[in-house]
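First comes one chain, alone, set out as structure tokens in the form predicted alone.
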């Protein structure tokens, strides 16, 4: 079946132009003015923008954490993403102690394959680097998994030491793979956490106060330096503050192949939100910082000190003792109430997979904080390039997958938990006014979202093999 989008304003990372767009056999077949319908289904996008589907490269669906698990799985998370204009995502397959990386991937395929609605891929999070696992890293690239992640935080749970991190950088770099890092000094953080708890300082704000910006800045510089010594590419995830940005910029200015992302929530929220009566809603790691850091992140995105905006979507119910309704059925899981007695027990994570492009359009593009082309670049094109999916994904070009969003800049909505599709009982942006919304969302030419109508089916998504030796942007 062919689909023709007429009279729209097409937006890529570099260009904005008037054209029609023809989709056929899952691909973008033609771009041009006055394209004939020739039996195609026709949509008129006059007065609207046509964008490539968003790509979220940092999510944690169905992730076990802190005595519970993330409330969105590969169906509910994909549905929410699609309603937010995202058509592709990369999740973290997290190694358990004693597992081979093959077993880790198999476990995540069991979680995802029958439920996935969007096209998706995996990074592998390494927590147990035995000699056999180290030798296994290059085999991932051969099957299209071209990125690994290591944690310098979460002591005694996920954290690795510098020896493990450096060995992984070397091995991944030689295979043309990208190493991702959660950069916080977990040793120092654990000392601060233990001290705060011992002193009875257990309110949610102490989650942030025991994970200071310096802990992130130090670990970021250490990771950048080790990547420089290894001659390997590095991608720093969820950067939250200006000092950490400075470390990435320092490395890039000296020719190191380092890149960084931030997440949409870090532009808008601060420690003050954790001081609210419902502050547990904002508990994630690294934590929310200050208004000055919010501004520094906008500057970093505009100045290309950071290259991607993702979400770190890892939602938990705020009160898991009260079931919510999801697609007509009650749903419940233990949630952030697990940390009522101490911030140290609050599951770390916030929702965001649907919110990202909605919020960035209304409170980024519309307010002059970033251009429409830059929005496409950091939410679609750069993610595809960095993670070995370009030009299959991330752009509007003949031969690319027909992942296309028709965006209505005049549409308005009061946003919040009732308006979103994330399977949780709260939304960080409750009551925010949005102007500019996705009207239709296509995945490989199939209409997934049509206004408020959902056409997606579990199992309709495709797992993506990604290319090694991807470019540094």
Ligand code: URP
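These figures come from a predicted structure and were not determined experimentally. Positions refer to the first chain, counted from 1.
There is another form of this protein, the form predicted in complex with this ligand, and it is not shown here; the text below is about that form.
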Legend entry - Sole residue of 186, 349, 125, 242 within 4.5 Å of this ligand in the predicted bound form, by heavy atom: 349
Inset, instruction - Check each of 285, 342, 270, 159 and return the one that places a heavy atom within 4.5 angstroms of this ligand in the predicted bound form. - result: 285
Inset, instruction - Could you tell me which stretch in 146 to 154, 129 to 137, 168 to 176, 73 to 81 has residues with non-hydrogen atoms within 4.5 Å of this ligand in the predicted bound form? - result: 146 to 154
Legend entry - this ligand contact at residue 60 in the predicted bound form, heavy atom, 4.5 Å: yes
Inset, instruction - Report whether the minimum heavy atom distance between residue 393 and this ligand in the predicted bound form is within 4.5 Å. - result: no
Inset, instruction - Report yes if any heavy atom of residue 89 sits within 4.5 Å of a heavy atom of this ligand in the predicted bound form; otherwise report no. - result: no
Legend entry - residue 289, heavy atom within 4.5 angstroms of this ligand in the predicted bound form: no
Inset, instruction - Counting only non-hydrogen atoms and a 4.5 Å cut-off, give the residues of 224 to 249 close to this ligand in the predicted bound form. - result: 238
